[in-house]
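Take a look at this single chain in structure tokens; it is the form predicted alone.
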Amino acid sequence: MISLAFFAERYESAKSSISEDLGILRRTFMIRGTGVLETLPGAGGGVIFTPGISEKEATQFISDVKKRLTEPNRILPGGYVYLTDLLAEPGLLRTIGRMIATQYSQSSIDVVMTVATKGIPIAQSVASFLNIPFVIVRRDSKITEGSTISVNYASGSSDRIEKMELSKRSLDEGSRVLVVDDFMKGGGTINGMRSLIHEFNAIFVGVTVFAENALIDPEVRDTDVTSIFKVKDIDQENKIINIENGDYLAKTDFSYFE
């Protein structure tokens, strides 16, 4: 919440003029699908801006990025898809952050969690739009982290037992945690982070990933997972990637930003 007095003092203008300007901004943001600007009256009132994205813009973004994801040179040995270049583009990352922030704009979230390393840019973008901290789960100890809490989990893609840990100072008890990541292949890493959240006596709110393996067993897949894209099939011999829309559009309520 930012008071009108703050703007009046900064721009040396009357509150009535500031209110008129905010009205113009409110309409502009709504038309462009940038977010929602709310003004709350009263002595303790002020203005709140909630970043978001319209369904039209999100749909167009998914369509544009899907074309790039099907490029043959993205196929890596082992059936992986190269995403690093996409997740290094500031504009693309900002849009992903706005999309995930829109999905959880009406939820109470205290912190965003991801696992090192490729999920870090996404977590940072989402946390920026939600204006909350983000924490990074690691698979090995760092002396700079201090004391840690660790969990063992079954890797969904390799059927091995892995370990992940998080500094005790990173997460407060009772915190409401949103998990984000770049790609979910088997679901084991997501389950590991969920177990880690439980060890901190924190609350798991949900998880959104940039892309997921569409062939994950439905009985294993966490029902709280949302994906923007699904990788249905990779033909390494013919260099063909079959990409589908994830369930992001179906699970997100855009009405607040329309």
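Quantities reported herein were computed from a predicted structural model and do not represent experimental measurements. Note that residue numbering follows the sequence shown and begins at 1.
Below: the form predicted in complex with a further copy of the same chain, not depicted.
In the predicted complex, a further copy of the same chain lies within 4.5 Å of some heavy atom of residue 134.
Among residues of the shown chain, residue 10 is one whose heavy atoms approach a further copy of the same chain to within 4.5 Å in the predicted complex.
Contact check for residue 118: a heavy atom falls within 4.5 Å of a further copy of the same chain in the predicted complex. Residue contact with a further copy of the same chain in the predicted complex: residue 95 places no heavy atom within 4.5 Å of it. Heavy atoms of no residue among 56, 176 and 236 are located within 4.5 Å of a further copy of the same chain in the predicted complex. Between the options 75, 99, 109, 151, the residue in contact with a further copy of the same chain in the predicted complex by a heavy atom within 4.5 angstroms is 75. Residues of 84-108 placing a heavy atom within 4.5 Å of a further copy of the same chain in the predicted complex, in sequence order: 84, 87, 88, 90, 93, 94.
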